[in-house]
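Next comes just one chain, in structure tokens: the form predicted alone.
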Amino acid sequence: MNPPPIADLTDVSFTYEDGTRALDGVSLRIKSGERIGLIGENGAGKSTLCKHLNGLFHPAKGKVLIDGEDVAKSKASHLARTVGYLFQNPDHQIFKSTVYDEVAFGPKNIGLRDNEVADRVERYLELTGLSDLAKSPPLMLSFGLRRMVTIASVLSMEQRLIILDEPTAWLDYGQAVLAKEAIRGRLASGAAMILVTHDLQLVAEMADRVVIMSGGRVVADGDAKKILSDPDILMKYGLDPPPLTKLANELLSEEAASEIFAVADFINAVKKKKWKASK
């Protein structure tokens, strides 16, 4: 028997007070361990959908279930044990006086013992390169470091579903590498992920399933490699293929280009001289 989905949205619609219809009959199932890239143009409904998963919004129509429980009947504090949410702007998430306390806040509030809290904080500070800044006021750090603090804070809760809104925005290369490795470590433990981003190269690296939204609806849902290597469907919804995919399409054979999603893939194809046939 298949386990129930960790998140199940059925015919969900939502309209803002100004009359903007943000979601229009969205149905979506998310299984434990899935890595979903949620993409689409600005205003497509991505953030609104995600805010239904942690109880910030309740549907005007339809139903949202988390682990089989109706979100509309659950307290946000209860949902926070299962669903983590990384906001796009770290300043909307930081409120404690030190980096250590910020990362410790979530684990403390789900009732972990002091030694368990300390273990988690130390682990995620190390994974995100923040150990030396544990006593620093987070709001005095650079924007990139503040983003790393919020990543550590979300991951330290070790929820079964993590929603990440532009997790590598404002990070330099080294920080982005640390962030992605820390996230992958959490996913390796079986957590599901919804990655909301305009960076399709990041989606190619991190996701195995892609959901495209447009006009408050799900317009495509499937294997990440198939969707990201299909320029027609991406162009239809105003999306550019990942940069590596675009380069591969220019230089490599069609068969080879369809498998390029990371730098290592591209290097291997070049070594094997899978060039596009000259006209």
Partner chain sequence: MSIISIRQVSFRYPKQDAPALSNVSLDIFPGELLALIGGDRAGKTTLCHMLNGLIPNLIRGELAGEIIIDGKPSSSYPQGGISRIVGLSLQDPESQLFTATVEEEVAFGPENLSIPPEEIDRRVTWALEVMGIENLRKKSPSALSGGQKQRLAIASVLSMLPKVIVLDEPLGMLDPRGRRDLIEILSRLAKEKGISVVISESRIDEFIEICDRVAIMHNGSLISSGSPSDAIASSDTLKTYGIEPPRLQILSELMISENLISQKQSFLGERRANEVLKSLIDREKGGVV
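Positions refer to the first chain, counted from 1. Predicted model only: the values in this text are computed from it and were never measured. Basically, rigid core = biggest C-alpha set you can superpose within 1.5 Å across the two forms.
There is another form of the same protein, the form predicted in complex with the partner chain; it is not shown, and what comes next is about it.
**Student:** Quick one: does L239 come within 4.5 Å of the partner chain in the model of the complex, counting heavy atoms only?
**Tutor:** It does: once the partner chain is placed as it appears in the model of the complex, L239 has a heavy atom within 4.5 Å of it.
**Student:** Taking the partner chain as it sits in the model of the complex, is G43 near enough to touch it, meaning that at least one heavy atom pair lies within 4.5 angstroms?
**Tutor:** Yes.
**Student:** Just to confirm, L127 within 4.5 Å of the partner chain in the model of the complex by heavy atoms?
**Tutor:** Result no; L127 lies far from the partner chain in the model of the complex.
**Student:** Considering only heavy atoms, tell me if G68 and the partner chain come within 4.5 Å of each other in the model of the complex.
**Tutor:** Although the partner chain is absent here, G68 would stay clear of it in the model of the complex, with no heavy atoms inside 4.5 Å.
**Student:** Quick one: from V117, L171, A191, A182, grab the residue that has a heavy atom within 4.5 Å of the partner chain in the model of the complex.
**Tutor:** Checked against the cut-off, the match is L171.
**Student:** If the cut-off is 4.5 angstroms on heavy atoms, which of these, E166, E158, E122, D101, is the one near the partner chain in the model of the complex?
**Tutor:** Contact with the partner chain in the model of the complex is made by E166 alone.
**Student:** So which stretch, 243 to 251, 26 to 34, 58 to 66, 208 to 216, is the one near the partner chain in the model of the complex (non-hydrogen atoms, 4.5 Å)?
**Tutor:** Checking each option against the 4.5 Å cut-off leaves 243 to 251.
**Student:** Does the partner chain, in the model of the complex, lie within 4.5 angstroms of each residue among L145, Q201 and V263, using heavy atoms as the measure?
**Tutor:** Verified in the model of the complex; spot residues all in contact, yes.
**Student:** Superposing on the rigid core, is the CA of G40 displaced by 2 Å or more between this form and the one not shown?
**Tutor:** No; that C-alpha moves by less than 2 Å between this form and the one not shown.
**Student:** With both forms fit on the core, has L247 moved 2 Å or more by CA between this form and the one not shown?
**Tutor:** Result for L247: yes, a 2 Å-plus shift.
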